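Shown next as structure tokens: one chain only, the form predicted on its own.
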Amino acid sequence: MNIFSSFRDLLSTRHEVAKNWKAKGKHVIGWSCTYTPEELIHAADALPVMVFGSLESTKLADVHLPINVCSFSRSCFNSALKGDYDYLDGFVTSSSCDNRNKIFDMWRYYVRIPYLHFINTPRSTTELAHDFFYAEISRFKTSLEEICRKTISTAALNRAIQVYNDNRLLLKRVYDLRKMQPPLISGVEALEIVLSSMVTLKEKHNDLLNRLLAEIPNRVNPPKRGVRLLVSGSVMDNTELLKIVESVGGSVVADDWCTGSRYFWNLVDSGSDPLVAIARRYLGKIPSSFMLEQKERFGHTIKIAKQRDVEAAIIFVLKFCDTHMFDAPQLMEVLKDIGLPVLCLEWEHSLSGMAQVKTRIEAFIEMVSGVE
């Protein structure tokens, strides 16, 4: 279907899309953590774009960083040093892990971006934590108004909430297509759709999602049947690993990545004070691995696995990704307790070692198929 190429094109041309937006005299704000409230950036008439890395060598970043730095953070920093993100008017990150905390300092010293902002994100969702996070979001709003030279009105926030909630609901409908046997969209296609939503104007993305949902029932070339898999683990900003999985007999029908279901699962309460509602949504969403509420995230993982008749799970942990490395053993036990075979793989954010990764995935899928 041609509609899938539209999402793929948004990903491959994301830098040009952002530059075209900036050519209109508007601001482009990069972000690196899903605890960044994009609605505020949108309400300031700026374009929020997630900063992705690449799978190429990180020679420029290696000059400044020790060897035990998360390869995703290293790759994003390398892309910035290369000049891939020179068009950014600002860069925002959050205290989601030690790597992001310290590499923010590296961005400040070595990347020429006019505006940088750090959001202190609590590790819990107590009322005291919510109060603190609301103050952080208010501080972020004030700084955006200064850099964008625009007052963020209540009406603009409400409009942004509606647009983003629409996107989340549409993405949920797209994900529901994976419940079918065989699923109507592949894991690679689903990831491309979510990633593309992070780098383009949400209104445009909503139009494409509506078109996809209208056309998909008539799809003549659905994905092939395969072992129905759940994937989990560290941030995933490219589709290479899923291409491998689905090339050797896997069918990725569920995920709990921060760049997957956890990105859009929770809505903002549109009936309350918009700034309060935004703050509560982001801190209270399906938690990432750095949060204390592990039980809630594992509950989400189990729920989507059961809803989609998952047969096995693969956990992809980036090398030196401390939060997910601590999380993985417990997540493996939780998944095994509901009867799922689990494969845990450590990988670098690069193309090196992909042959060995493919061998292990292929053997795992063959093992699961053999059990059946």
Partner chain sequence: MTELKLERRLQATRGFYRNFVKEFYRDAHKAKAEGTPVAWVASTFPVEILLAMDVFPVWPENYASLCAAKRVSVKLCELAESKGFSKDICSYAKCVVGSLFERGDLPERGMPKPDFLVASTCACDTHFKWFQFISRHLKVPLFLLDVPYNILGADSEHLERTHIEFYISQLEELIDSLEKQTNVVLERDKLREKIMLSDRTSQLWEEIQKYRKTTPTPMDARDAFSAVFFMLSIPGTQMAVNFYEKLCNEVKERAENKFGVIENEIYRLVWDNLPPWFDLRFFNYLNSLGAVVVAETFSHVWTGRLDPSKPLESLAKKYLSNFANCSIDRKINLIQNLVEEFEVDGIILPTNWGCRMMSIGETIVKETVYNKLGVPSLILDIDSSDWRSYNETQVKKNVEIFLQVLSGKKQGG
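Keep in mind it's a predicted model, so treat the numbers as computed, not measured. Numbering follows the first chain given and starts at 1.
Below, we turn to the form predicted together with the partner chain, even though it does not appear here.
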{"property": "Position in contact with the partner chain when the complex is considered in the model of the complex, options His64, Lys26, Lys303, Lys336, heavy atoms within 4.5 Å", "result": "His64"}
{"property": "Answer option from Ile315, Leu340, Leu60, Met325, heavy atom within 4.5 Å of the partner chain in the model of the complex", "result": "Met325"}
{"property": "Proximity of Pro287 to the partner chain in the model of the complex, heavy atoms at 4.5 Å", "result": "no"}
{"property": "Heavy atom of Phe52 within 4.5 Å of the partner chain in the model of the complex", "result": "no"}
{"property": "Residue contact check: Glu311 to the partner chain in the model of the complex, 4.5 Å heavy atom", "result": "no"}
{"property": "Residue contact check: Gln330 to the partner chain in the model of the complex, 4.5 Å heavy atom", "result": "yes"}
{"property": "Heavy atom contact within 4.5 Å of the partner chain in the model of the complex, the stretch among 104 to 112, 206 to 214, 156 to 164, 271 to 279", "result": "104 to 112"}
{"property": "Every residue of Thr239, Leu241 and Ala363 near the partner chain in the model of the complex, heavy atom within 4.5 Å", "result": "no"}
{"property": "Residues of stretch 116 to 139 in contact with the partner chain in the model of the complex (4.5 Å, non-hydrogen atom)", "result": "Phe118, Asn120, Pro122, Arg123, Ser124, Leu128, Ala129, Phe132"}
